[in-house]
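Let's start with one chain on its own, the form predicted alone, as structure tokens.
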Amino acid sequence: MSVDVLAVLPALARRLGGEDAVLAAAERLSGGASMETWAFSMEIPGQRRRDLILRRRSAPFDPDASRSTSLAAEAALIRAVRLQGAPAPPLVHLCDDEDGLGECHVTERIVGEALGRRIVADPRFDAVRPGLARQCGEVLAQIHATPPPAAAELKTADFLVELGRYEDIYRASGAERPVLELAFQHLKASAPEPVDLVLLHGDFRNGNLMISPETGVAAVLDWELSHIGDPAEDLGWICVNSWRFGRPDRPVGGFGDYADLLAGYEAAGGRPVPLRRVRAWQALGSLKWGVMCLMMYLSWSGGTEASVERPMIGRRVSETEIDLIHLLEAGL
């Protein structure tokens, strides 16, 4: 759906704030082939300026062809996890046909930093960094305790389902990477036993967390990959080395240790999760990211994508292979 967002935002500001509300500022923050993120502010006479975030799908959503949820489902998830105490940005408005923007929703803009490299290295975060891993465990316990909203219609996947899905993608590519082959075979043979499945964020990692230099985790962002699955999937994903931003010595997001993550999870009511199970999902996370990187490279080398970002990310498959070797040598 082709829409001039800047032209439509003044009307949205009036709908949200009344006829006297005016659009004070707007800028596009990021976006890909199908999703846009806009920051905008509105001013209402006699009230403080209100800073908001608009997430908008710019391409048609096909639930059968996509792993992501609809933005209406995201809105339902945000409402649900906030009721459980998890720090998600407050939902302001789920857009409809009257707004003329297509599929989108509006949330409050949370103050903080989301760039992973700054979070692990910037001195502004020195005071809160030692507590971030424990906070992440606490937040994940809140998310996992949330009853999945029926309106979200979430997909379900366990360890072997996820492993099989990515192996199918890898086989279809025709690639032959010995380390990836070894990882597929090892993880297939040593898959953890099934457990009760819960609501997952699905992309819980450094880079999708808004961090305040005063209080730590201020909000969990980007709920589009939420699904039903093994609690250790979320716990393992934040430990994947690719999300440590140059701090491999701190396995949780580049800022903390496994023990703090798991202690925070249990203290907030999460069922105990063995470290070995977390590391199995961490290995599957590295393998998944390796396959994703490989597919990005192949889309560029095959001529279907011209973006320079594709081959740049594609080069990172070698990083995931190194990570997998270390995990396999350590026995996970």
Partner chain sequence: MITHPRTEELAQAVARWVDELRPDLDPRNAFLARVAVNVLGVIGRELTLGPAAEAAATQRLVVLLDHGGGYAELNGELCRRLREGTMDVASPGLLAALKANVLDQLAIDQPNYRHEG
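Numbering follows the first chain given and starts at 1. Note that the structure is a prediction, hence the values are computed from the model and not measured.
The same protein also exists as the form predicted together with its partner chain; that form is not shown, yet it is the one meant from here on.
Novice: Which listed residue (155, 186, 79, 93) meets the criterion of a heavy atom within 4.5 Å of its partner chain in the model of the complex?
Specialist: Among 155, 186, 79, 93, a heavy atom within 4.5 Å of its partner chain in the model of the complex occurs only for 186.
Novice: By the heavy atom within 4.5 Å rule, which residue out of 100, 164, 248, 131 makes contact with its partner chain in the model of the complex?
Specialist: Selected residue: 248.
Novice: With its partner chain left out here, work out from 302-310, 267-275, 50-58, 36-44 which stretch has heavy atoms within 4.5 Å of it in the model of the complex.
Specialist: In short, 302-310.
Novice: I'd like to check something about residue 16: if you look in the model of the complex, is any of its heavy atoms closer than or equal to 4.5 Å to a heavy atom of its partner chain?
Specialist: Although its partner chain is absent here, residue 16 would stay clear of it in the model of the complex, with no heavy atoms inside 4.5 Å.
Novice: I'd like to know whether residue 107 contacts its partner chain in the model of the complex, with contact meaning heavy atoms within 4.5 angstroms.
Specialist: Answer no; every heavy atom of residue 107 is more than 4.5 Å from its partner chain in the model of the complex.
Novice: Please run the contact check for residue 228 against its partner chain in the model of the complex: heavy atoms, 4.5 angstroms, yes or no?
Specialist: No - in the model of the complex, heavy atoms of residue 228 and its partner chain never come within 4.5 Å of each other.
Novice: Taking heavy atoms and a 4.5 Å cut-off, does residue 329 contact its partner chain in the model of the complex?
Specialist: Yes, residue 329 sits close enough to its partner chain in the model of the complex that at least one of its heavy atoms falls within 4.5 Å.
Novice: Since the partner is left out here, which residues of 307-327 would have a heavy atom within 4.5 Å of its partner chain in the model of the complex?
Specialist: Result: 307, 308, 309, 312, 315, 316, 318, 319, 321, 322, 323, 325, 326.
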